[in-house]
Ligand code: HEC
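The chain below stands alone, shown as structure tokens; this is the form predicted on its own.
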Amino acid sequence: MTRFAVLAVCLAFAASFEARAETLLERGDYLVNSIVACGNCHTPQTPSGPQRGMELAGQFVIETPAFKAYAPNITPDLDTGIGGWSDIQIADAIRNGRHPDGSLLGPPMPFEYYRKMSDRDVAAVVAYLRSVPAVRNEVPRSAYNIALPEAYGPEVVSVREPSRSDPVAYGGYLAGPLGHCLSCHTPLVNGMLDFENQLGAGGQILDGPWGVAVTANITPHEDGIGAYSDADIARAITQGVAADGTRLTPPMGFHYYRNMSADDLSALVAFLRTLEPKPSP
């Protein structure tokens, strides 16, 4: 059986499975518009939030010394979006970082996390992307000053649904494969995320329509959230307000994270408490 055949079986199984009386489309709507926050990159951003009428139409720009990346149009537009892609091809792009022609997508798409997204959640995201209005918006190709790898790891075709019985473990799934929180909140060293030594310590510099932002330390260190209560952490995530009342800035996706369920938010906070305390770089 080919990898596409296996992936097709996985997506079909995921599409037939409904958890907690939640349809696949409802799950996709929840994920895309809360913890996964696809629009935080794939919707053009203004100083006041996502640009209305351009949801998921792309063109948000992230520029670093290593690349100038344009988030592509992921609406179902046939000419400028993903309307001509199959469900399997969309899932393959999310998990394996691959275009339908076999070429690789580049960073900052967090493939290291999306590779671990469950079959059902990938299928749910695909179902939701199929449902949004098509927007015609031609987006420039990203330019890279670094060589992309031949692949982002071994082929991923199936990932089981995570258990929600352990809030900390499920919070790790929310922070990793879904929310990719640590992709922004971990420092870069020589252009690479220093997961090994500074996981969650913050310090990335991000330039955008909001101005220049430096990502926060989200470990339980005194430089980070060590003095925050659970309510303080939840408010920072969903409202963009620090424990001392300071307003936090984009690109933190407050417009999306405020839609998280109380259970998911609680699990995410529980997971952040377990990170090793690290000083800010």
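Just so it is clear, the model here is predicted, and its values are computed rather than measured. Numbering starts at 1 and follows the sequence shown.
A second form of this protein, the form predicted in complex with this ligand, is not displayed here; the remarks below concern that form.
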Candidate site Tyr30, Arg160 and Leu193: all three near this ligand in the model of the complex by heavy atom within 4.5 Å: no
Answer range among 193 to 201, 130 to 138, 112 to 120, 161 to 169 for contact with this ligand, defined in the model of the complex as heavy atoms within 4.5 Å: 112 to 120
Close approach of Leu206 to this ligand in the model of the complex, 4.5 Å, heavy atom: yes
Close approach of Pro220 to this ligand in the model of the complex, 4.5 Å, heavy atom: no
Non-hydrogen atom contact Pro107 with this ligand in the model of the complex at 4.5 angstroms: yes
This ligand contact in the model of the complex: Tyr228, any heavy atom under 4.5 Å: yes
Any residue of 64 to 86 that, in the model of the complex, places a heavy atom within 4.5 Å of this ligand: Ala69, Tyr70, Ala71, Pro72, Ile74, Ile82, Trp85
